[in-house]
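Take a look at this single chain in structure tokens; it is the form predicted on its own.
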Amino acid sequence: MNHIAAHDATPAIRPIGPTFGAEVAGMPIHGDVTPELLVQFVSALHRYRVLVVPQANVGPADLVAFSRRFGPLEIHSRFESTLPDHPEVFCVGNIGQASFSRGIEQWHADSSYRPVPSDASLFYGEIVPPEGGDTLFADATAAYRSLDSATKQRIDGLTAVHSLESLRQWGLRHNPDRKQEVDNRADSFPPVRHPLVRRHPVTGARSLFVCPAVISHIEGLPIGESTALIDALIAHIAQPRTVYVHRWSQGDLVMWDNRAVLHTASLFDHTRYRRLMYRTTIAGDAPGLSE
């Protein structure tokens, strides 16, 4: 087993994905966490890009407090699906006011429609179905590295337009029973431009920043060519060699680096099972993740 460093309460790291991802044992989440442990945890996040803390067993207050150690937290644009006592916690699932999609979900990085996309996200399994509802992570860093040189030359320097309205329209097409007013906040989040290939501010590694449901188009390309390029890049990203599938157990906490990976979800039988997940999101340029 690989250890981060010698320390009385040093977490232990076990790689779990094909090119990325690690399970962290012995990382305290509740109460005060020493700066030394946080530095080790952030270093592991930069290295592995996805960290799984099994059986974290945290409540919303502890989740918010732990998340804040890494930087300021976002309030989700769909604030009706946040916890009243903890608006930093976005609820996902088929219970109460949680955000729920009956249709497919696309690969994405959280908050790409913001001028400064989020740095990282934490996802906690409060109520987990016995089957389905997995979270899939794609190593966008390894995916970029494995592109052929001609494709790298073609996409380096290209800019994509990310739009909350594009995401809303995509959601309506795939969830026809969804209310028209859901996420109708395009005026608050006008379209923004982001590079198709971005460089991690800490590691310097390049990764693919491709969010099909959010990207309206790639600048300078005809729509058909833009769509075809995005589809080709997603097919490359989603290969099993660069994907880790997390099958949830109740109490699991997963943190990922939005600057280096993409994620999506698998469906579950919402007519038979309940699911409730809590998500916190570290705002872009968070000091605790960028140093």
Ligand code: OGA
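Numbers for residues come from their place in the sequence shown, where the first is 1. The shown structure was predicted, so the numbers you read here are calculated from the model rather than taken from an experiment.
Just so you know, the form predicted in complex with N-oxalylglycine exists too; it's not on screen, but the next bit is about it.
Residue-level contact is defined here as any heavy atom of the residue lying within 4.5 Å of N-oxalylglycine in the model of the complex; does residue 108 satisfy this criterion? Within the cut-off, so yes.
I'd like to know if residue 92 sits close to N-oxalylglycine in the model of the complex, meaning any non-hydrogen atom pair within 4.5 angstroms. It does: once N-oxalylglycine is placed as it appears in the model of the complex, residue 92 has a heavy atom within 4.5 Å of it.
Can you tell me if residue 219 lies within 4.5 angstroms of N-oxalylglycine in the model of the complex, counting non-hydrogen atoms only? Answer no; every heavy atom of residue 219 is more than 4.5 Å from N-oxalylglycine in the model of the complex.
Test of understanding: in the model of the complex, would residue 77 fall inside 4.5 Å of N-oxalylglycine by heavy atoms? Contact with N-oxalylglycine, no.
Which residue among 144, 123, 209, 113 has a heavy atom within 4.5 angstroms of N-oxalylglycine in the model of the complex? Comparing distances to N-oxalylglycine in the model of the complex, the residue within 4.5 Å is 123.
Of these, 148-156, 164-172, 197-205, 134-142, which stretch puts a heavy atom within 4.5 angstroms of N-oxalylglycine in the model of the complex? Comparing against N-oxalylglycine in the model of the complex, the contact stretch is 134-142.
Any residue of 270-289 with a heavy atom within 4.5 Å of N-oxalylglycine in the model of the complex counts; write them all down in order. In sequence order, 275, 279 come within 4.5 Å of the partner.
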